[in-house]
Each structure stands twice: as C-alpha cells, then as structure tokens.
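The chain below stands alone, shown as structure tokens; this is the form predicted alone.
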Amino acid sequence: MIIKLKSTVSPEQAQTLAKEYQAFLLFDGAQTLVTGSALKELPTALESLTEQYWVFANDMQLSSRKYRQETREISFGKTVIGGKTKHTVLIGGPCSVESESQINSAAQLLVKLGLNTLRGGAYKPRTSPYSFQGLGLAGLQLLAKMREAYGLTVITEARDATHIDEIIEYTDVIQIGAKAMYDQGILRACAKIKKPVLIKRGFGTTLQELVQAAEFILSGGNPNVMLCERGIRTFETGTRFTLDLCGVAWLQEHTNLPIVLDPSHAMGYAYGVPSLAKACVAMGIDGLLIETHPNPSVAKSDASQQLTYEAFETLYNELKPIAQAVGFTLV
C-alpha cells in the first residue's frame, strides 16, 4: 500500500508512523508511506492523516501506472526521456572498454552522428573465468576521460557490490546487468543516490521479478529507474536469447518506468540486430542499446554481436524515420 499523508503531518510524526507500520518513508511530492502489498485496508488510525492511498495486488507499487499514470521523466545526460517527451535514446559503444584508442574511436563515432550516450563495460560478469574480465578501474577512468573530452553521457555495468562505489563515482548512468539483478548490495547502494539506474532483466527472470528489483531502488528514495529487456532464455538455440517484445508491451502498459531494449545481447549475432532494433523503435521505446566495435572480429567479448561502425551508422539513419513514424525522436 502507498499512503500519501496530509501536509499537516509533521516530519517527526511521519517518521514515527513509518516505524510503527514498518514502511518506507519517501517524499514523492508529499510525505509518503510505502508498506508491503499485504496491507489491503487503510488502518483506522491513519484515516484522519491520509490524503490519498493506493492498494496493490502485489509488490509492484511505486512502479505501477495505478500509482503514477505518466511514465517517469528522467534526465539522461543532455536529454530527457519519459514524461511527456518522445525521445528514444540510442546508446552506443563496445561491449567492453579494451583500450583508450578503441573507446575514443567509439566516442568520436557518436559525436559524428550527433548522439551523446556512450556505453562500455569495465567490470565484466563473464560466464567463464578464462574470458576477458574487463579493465576494471582503468576502464572506468577511460570512460570518464571520454565524457570530459566529448561531453558524452557515460553508462557502464556494475558486476557486483564490491566496486559499486567506483561505478557510481565515475559514471552518469549505472547499469545493473542481467547477472547482477538480484545483488542486494548493488540495489541498495543505487537506492541511496539520484543518478539514473538501468536494470537489465535476467535471462530467467519474470516480468514481476524485474519490476520488484526496481522497487528496491524506488523504495529507497531514488526515483530514476529504467528497465531493460535484453532477451530471455527459451528452448530456442538458433539465437543467443529470445527478445521478449510481448513483455515490453506488458511493461509499457503496467509500469511507469522508461523502457530500454538491447537487441545486441538478445540476438547474439550482428546480422539480426538491425531488424530487431527496427521492431524495438517501432514500439515507441525510451532507449535502445546497440553494441559497436571498430573491428568486431577481434573484440575481447561478445564479438559476434557487435556492429561495425559503418553498420551502426547505417542503422542509425534507418531508425530515424521509424522513430518519427511513431511520434518519437532518435537522440
């Protein structure tokens, strides 16, 4: 249950109520108590103190369109997504930061196209211990250097809670990867800041579980949360994963969180990324993540799915009229 308290309730009284009802206390336009969804009726003692309240069938509460009908507005670097805006942010860059020359070339490509959001992994949550694990702090510092040099917004992934403070310090948008979606240390650390957070759906995760991960951050006081669909594991083996566009439609209908799609990880092969990207943009999404590399054949991670710079530029030009057709602007 979400309970919006009357303006006559003092901060001290609100704190006492939060403790009594084991609720989160937020200031979401007003002092607001957030309890678990098990509470189905407004307590009699709160009736005279309550301006408005919402009851939910499950713990998808702050993220629900039943609570807030309009999509949350989030500042994404130089632009704004959600709210009444119609922006689809195209996030580009390599799977991993491999060297200064490599990430610099990716930054220059984005600048050339008029884009401003650079993504690259510094801490890589690899399935095998023998795979490239990322440059770590050095990779974060290179991303920050690109931001300073080109005025770009930087997004990178937190692998686990051991380095979340470094990620928060060096990046503008914190990505919680599919393998880290349940990491309580990452979720709770991101709840304490105001930077945008992008949560990727785990490949074996239900839609409700994804949204409840977002609730950890929202209930902690950070309203700037986005969800990312990047493919789920099904019986199909011809592609890496299966991009769940049905799930995206469900999220758009039931949640107030901006939605980003990642066809690169879903498909796993570069040849299918452009077609999937076009389908994603046609759904009127808030963001699109496309991996690109100066020479994908020698990439140290996910080589098969990364586009060449030429292919990325071609795709960008093909996506613009599709975005326009559904009332969005590709930025």
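As the structure is a computational prediction, the values presented were derived from the model and not from experiment. One rule holds for the numbers: they count along the sequence shown, beginning at 1.
What comes next is about the form predicted in complex with ligand PEP, which is not displayed.
Taken together, Arg119, Pro125 and Ala178 are fully in contact with ligand PEP in the predicted bound form: each brings a heavy atom within 4.5 Å.
This chain appears without its partner; in the predicted bound form, the one residue of Cys95, Ile186, Leu227, Val89 with a heavy atom within 4.5 Å of ligand PEP is Cys95. Exactly one of the stretches 144-152, 216-224, 170-178, 80-88 approaches ligand PEP in the predicted bound form with heavy atoms within 4.5 Å, and it is 170-178. Proximity of Asp286 to ligand PEP in the predicted bound form: non-hydrogen atoms within 4.5 Å are absent; the residue sits far from the partner. Using a 4.5 Å cutoff between non-hydrogen atoms, His265 counts as a contact of ligand PEP in the predicted bound form. Residues of 146-171 placing a heavy atom within 4.5 Å of ligand PEP in the predicted bound form: Glu157 alone.
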